[in-house]
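In structure tokens, the next block holds one chain alone, the form predicted alone.
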């Protein structure tokens, strides 16, 4: 498909320029390449997936609240698509169940409410089951004796996000994608024929018919180059990895209120045999605040230690990730208001962006090309 005709330019010329080589940018590149378009991916870091795409808990989610949000819908769609693309692209996807657990009388009431809410959405295709005390321990032998109520939710999975990113990039390269690493876009020019010229701090020049802003934590700044205004506030998540514990399922508390530092999160098996606790949910001082304190680790231990029968031991690694949150608190996927439908902005793609990535990519391709 030739979108350019006979236009001749000195700048490198492509059908689509994607700003950001995270998992969403790479999925989008892959799908556009399948349409036989020429694609360049511009990334300010030295390799793909250096930020949110590989600094996460590696979970392919099912449930995401609020259920009526775009985030929730794309999470469900992405969960289904990962099963297909894991086979096509060749990354590992291990299916798992999640146990939403509670303790005590108050916890049991909250657990029953969670079960009722989830059953309302059973037509989405995932299993929801109440477990007896005996069944809880059959399903998860390491669960604490204090846990007396659990809802099992099926359809979850885990991946190795580093492997996923690397496989996507390798596949995109094999289909003809160009990559410009260590290049940060800092100039945009749109001419009367709707051609878009991108310039980078490092002197790179690109001419594209379409642009996808998938810049993650910096998507608001990239959007500003086009004349569109958004505001991203980074939120930090600290995760601790352990070798001395083994669990068969993802274990999460059905009670998410309480200390803000431990909103959500879970006890999550990893493909390499380790178990991850977290993430926390706390303010970040900047878009490069990848630091953690003992207080963050203590918050994780205080929340998740009571859910396990055995001691966790000491963490063998700590990972810190940043989420690109906005005041809208939902995914923003829309055309540029200033430039029009040749530019698509992806802003505020926070958790569970890894799960939603293939569904977001399919949505972006449809916005650019329709049914072609």
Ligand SMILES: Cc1cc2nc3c(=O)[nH]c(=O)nc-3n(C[C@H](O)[C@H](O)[C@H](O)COP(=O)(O)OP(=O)(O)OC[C@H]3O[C@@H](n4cnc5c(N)ncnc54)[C@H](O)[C@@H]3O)c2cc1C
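Remember, it's a predicted structure, so these values are computed and weren't measured experimentally. Positions refer to the first chain, counted from 1.
Keep in mind the form predicted in complex with this ligand is missing from the figure; the text below concerns it.
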item: Residue contact check: residue 215 to this ligand in the predicted complex, 4.5 Å heavy atom; value: yes
item: Touches this ligand in the predicted complex: residue 58 (any heavy atom, 4.5 Å); value: yes
item: 4.5 angstroms heavy atom contact with this ligand in the predicted complex for residue 205; value: no
item: Distance check, residue 296 to this ligand in the predicted complex, heavy atom within 4.5 Å; value: no
item: Proximity to this ligand in the predicted complex (heavy atom, within 4.5 Å), stretch among 334-342, 302-310, 65-73, 37-45; value: 37-45
item: 184, 228, 77, 166 - the one with a heavy atom within 4.5 Å of this ligand in the predicted complex; value: 184
item: Contacts with this ligand in the predicted complex - residues in 325-364 whose heavy atoms fall within 4.5 Å; value: 349, 350, 351, 352, 353, 354, 355
